[in-house]
Ligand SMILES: Cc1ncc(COP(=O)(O)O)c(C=O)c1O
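Just the one chain here, the form predicted alone, laid out as structure tokens.
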């Protein structure tokens, strides 16, 4: 295994562990350690690990067969539920990863517009395809004038850099200027409505919607993270802005490999050979797309999220943790900025607000690593720059985590003296 990992999490050798199992809000390793899990599989485990309803649904589905490469009832039911939940969704097509879902959204927009270029936002993460890796995490020496982008991975063709325009998140004026200048070349604008842990500024998403409608440029929301997390209707419901296309993943598959593209029928029709001319048709095929076991897991997860009080609990848990973190760092006199929504947040070790990728570059990465290490030593697992909140997080988990915040912050303060 290159780098000794799956490629997802890079842990120092003295902190690395091998997961044995997950139960509820906890992970367990082979040394017998128990961790309160705020990674949650990078988001999909919103109910916690091995939730009984999901396990039961998966077991029942698996007994009927693993996959069919054919229309099946769980996939149809899940498509109907996505359409009920998502304001933009008139039709749904399944994939197996968020990467593929965002990629297919861009292809649909290109087929519709008969244009090649797309606009994304600096620091925006849309999976592992080439277009996402334009200005995904540029180094300071790669920061140039917008809308030029930089390759942030090896193996990105020069032609891709010529196809992707880049704008600063939360800057509607500069974005509008780029769109106006390139409106006749653009096939799509793609955005994480809630970019990583950055909340949209007042009027930003609404302005994007008005701008793209004016020029008939499809607006794509990457809801792989936000779908069914911020609210049942995702970012579209939470922020009150409806795109033309949306990509879903993580929660929608209940912890199994499943993702989806949802959108207006006028755009989704390019996936139907009988609805468009041969040159415009998009053949979209995946061996496990619409897998019945994954769809059953997704349906079971969404049924739990529809229960009264589910989202109130998620937000309340996150708010208490955000407040506890702020209090702990204030008490230790450590400059910081807590960013995000209660269901998905983290801290920047900086003395000013962070509104876009560049304003977060002066985050003290050494303090971030020290903070995460201190939490891990206290059996709180948050290895990346995000706290994901689950319904499985208990009162005891919250109390333990806030205590770990205070102890780690005081330890960091002492180290700096």
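Note that this is a predicted model, so its numbers are computed, not measured. Positions refer to the first chain, counted from 1.
From this point on, the text means the form predicted together with the ligand, which you will not see here.
Looking at the ligand in the predicted complex, is some heavy atom of each of 99, 222 and 250 within 4.5 Å of it?
-> Yes, each of 99, 222 and 250 comes within 4.5 Å of the ligand in the predicted complex.
The ligand contact in the predicted complex: residue 377, any heavy atom under 4.5 Å | No, no contact at 4.5 Å.
Residue 196, heavy atom within 4.5 angstroms of the ligand in the predicted complex = The answer is yes: residue 196 has a heavy atom within 4.5 Å of the ligand.
How about residue 127: is it within 4.5 Å of the ligand in the predicted complex, going by heavy atoms?
-> It does: once the ligand is placed as it appears in the predicted complex, residue 127 has a heavy atom within 4.5 Å of it.
Heavy atom to heavy atom, is residue 192 within 4.5 Å of the ligand in the predicted complex?
-> Within the cut-off, so yes.
Residues in which of 68-76, 133-141, 110-118, 91-99 have heavy atoms within 4.5 Å of the ligand in the predicted complex?
-> Correct option: 91-99.
What is the one choice in 385, 42, 350, 373 with a heavy atom within 4.5 Å of the ligand in the predicted complex?
-> Looking at 385, 42, 350, 373 one by one, just 42 meets the 4.5 Å heavy-atom criterion.
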